[in-house]
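First, one chain by itself: the form predicted alone, in structure tokens.
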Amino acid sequence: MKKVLAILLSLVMVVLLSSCGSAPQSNVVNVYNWEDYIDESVLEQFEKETGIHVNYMNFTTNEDMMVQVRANPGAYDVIFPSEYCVEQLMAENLLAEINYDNVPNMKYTLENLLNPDYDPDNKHSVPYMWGTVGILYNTKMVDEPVDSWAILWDTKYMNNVFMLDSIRDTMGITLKYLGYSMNTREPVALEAAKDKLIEQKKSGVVKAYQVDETKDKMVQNEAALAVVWSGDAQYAIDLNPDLAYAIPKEGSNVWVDCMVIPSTAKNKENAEKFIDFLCRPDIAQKNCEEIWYSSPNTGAIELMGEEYTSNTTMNPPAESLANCEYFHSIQDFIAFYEALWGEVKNAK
């Protein structure tokens, strides 16, 4: 009988401990963000002002992040997906609606980023940063106007072009160059983009497909041209004045990285406090000046003044954005994209 009682008591303790482990922690917020995508002093400031501890974790791609969110319900309170992933996470019922009574600083969001088609009425997402995809080029190596994606296929720049190792971005800019939407599902258009990229690779123009290392290699004058995100372009330009950035006339991707709350978040109110804190103009300014992506925050833009507003990499004119598009989710079509991308990467 004593052994039975001991076993029963042990089981009760296991259940109690498990329950305690899964209970919300009132002084914690679990944040999952991109690498190098925040001023780390902001995290310390939030903790000091609120008493809420930030468990801060990083991911490197949207796709990696989505795998982790699906596989680990309850592990994250705030995540930072791009707009097409917001759309997909909503479709899978993986996002909570945000209580904007707890996020009053949302009022500082740029009007053109409100009520986006990927999340009508911003029910599930708050813009964090935005930007474009374009061409970073070395003005000492390129002596012609950089106004079209066509220059990336010019054999004059043999072994001198860095392409993004990204299905959506690289297929997307090629589709725009050929006159199609970046979100097309038309097999003829996608096959044409694949063939164009294989042509580019076989010609010897492409030096490498890469992501994070491109900006530093461009600073070191290791290539003439590179497909990059605008924030990486600004980082490189600050370190090498011979570099410049252009959004080609055919159009490109304009993207928004958002702050969202998973539907399984254990600390939703803390998540909303954290999001609101990042929307505060002085905090949004700190983050913008640290990572140099475009700010969606009118208060931060006012604080930064002409240094920001006159910078066409971070604050492109309306005409540069006229032919740009948001990406939309292609999750139900991704296998087709991946097959085409595999052909491009394996081409000799």
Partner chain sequence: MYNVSLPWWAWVMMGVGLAVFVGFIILSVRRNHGVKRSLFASPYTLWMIIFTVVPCILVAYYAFTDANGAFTLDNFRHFWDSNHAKNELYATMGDEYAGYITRGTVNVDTLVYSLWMAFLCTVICLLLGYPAALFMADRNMKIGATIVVLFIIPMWMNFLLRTIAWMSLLEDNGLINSFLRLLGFEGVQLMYNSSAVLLGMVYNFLPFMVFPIYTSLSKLDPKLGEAAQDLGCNEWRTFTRVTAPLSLPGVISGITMVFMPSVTTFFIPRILGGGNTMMFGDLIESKFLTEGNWNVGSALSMIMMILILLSLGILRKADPEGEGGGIA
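Residue numbers count along the first chain shown, from 1. Keep in mind that this is a model prediction, so the values were computed, not measured.
Quick note: we don't show the form predicted together with the partner chain, though the next part is all about it.
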| property | result |
| --- | --- |
| Candidate spot Asn30, Ile38 and Gly299, all three touching the partner chain in the predicted bound form (heavy atom, 4.5 Å) | no |
| Heavy atom within 4.5 Å of the partner chain in the predicted bound form - the one residue of Ser181, Thr264, Asn221, Asn102 that qualifies | Asn221 |
| In the predicted bound form, the residue from Pro187, Pro120, Pro241, Pro145 that sits within 4.5 Å of the partner chain by heavy atoms | Pro187 |
| Per-stretch contact check against the partner chain in the predicted bound form, the hit in 267 to 275, 93 to 101, 242 to 250, 203 to 211 (non-hydrogen atom, 4.5 angstroms) | 203 to 211 |
| 4.5 angstroms heavy atom contact with the partner chain in the predicted bound form for Val254 | no |
| 4.5 Å heavy atom contact, Arg70 and the partner chain in the predicted bound form | yes |
| Close approach of Glu191 to the partner chain in the predicted bound form, 4.5 Å, heavy atom | yes |
| Distance check, Tyr326 to the partner chain in the predicted bound form, heavy atom within 4.5 Å | no |
| Contacts with the partner chain in the predicted bound form, stretch 136 to 161 (heavy atom within 4.5 Å) | Asn159 |
